[in-house]
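Let's start with one chain on its own, the form predicted on its own, as structure tokens.
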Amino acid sequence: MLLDLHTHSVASDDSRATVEQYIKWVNVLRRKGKSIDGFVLTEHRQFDHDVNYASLASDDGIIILKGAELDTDTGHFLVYGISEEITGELDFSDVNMSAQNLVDICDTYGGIAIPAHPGRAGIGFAEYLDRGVTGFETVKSVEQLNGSNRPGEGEKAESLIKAKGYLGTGGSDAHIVSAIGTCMTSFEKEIKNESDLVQELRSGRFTAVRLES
């Protein structure tokens, strides 16, 4: 099963794509013979429990899940399996929240926090580890493939994964419609909801892939 784990809609302040437009583009890709089963909306610094994309997704057989991308004191993190307890414990708008606390809260309440684009300057996990930041014993995965990486950022992520033995996810980091699906995560098992996603991410049964050319 192929899911793009990192996308942004117009709900994020720097994206121009609507969810409906993403759905249309996924169908364009499918008609071209490309494989993509769905995507996760990881809006910046926010999460709305009341938003539900099930009706949009069901019409086209596309899985649409929700997560968030949060700013922390140790770079950006992608968060999945967000529960009421997690949003109750954390201020998602805090651009300098404790990353260790974020990871711990997710571990406690059934979510998972994964460093986003870890090779990116200034907001990548690798840079902070290079500075001597310690902890994060329960972090087992980072974003390996990011469709918006600049030159050198992917290589730095790969070096981090090799050095630490991390597993790697994939996501497009799409902010425009045509970017969706450029990088994805291939799961061995079917994923129907956020709980399934967290379970499979914790299981390690996945690999980062690029959209086949």
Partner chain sequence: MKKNLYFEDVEIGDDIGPIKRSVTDEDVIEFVSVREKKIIPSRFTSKEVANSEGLPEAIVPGPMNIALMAQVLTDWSDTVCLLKIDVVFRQTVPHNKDLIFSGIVTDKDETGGSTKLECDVVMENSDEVKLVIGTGVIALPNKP
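All figures in this text were calculated on a predicted structure; none of them were measured in a lab. Residue numbers count along the first chain shown, from 1.
Here the subject shifts to the form predicted in complex with the partner chain, a form of this protein not shown in this document.
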Contact label in the model of the complex: residue 175 to the partner chain, heavy atom within 4.5 Å: yes
Residue 162 within 4.5 Å of the partner chain in the model of the complex, heavy atoms: no
Heavy atom of residue 49 within 4.5 Å of the partner chain in the model of the complex: no
Distance check, residue 21 to the partner chain in the model of the complex, heavy atom within 4.5 Å: yes
Interface segment, criterion being heavy atoms within 4.5 Å of the partner chain in the model of the complex, picked from 59-67, 145-153, 35-43, 163-171: 145-153
Sequence-ordered list of residues in 1-32 near the partner chain in the model of the complex, where near means a heavy atom within 4.5 Å: 14, 16, 21, 24, 25, 28, 32
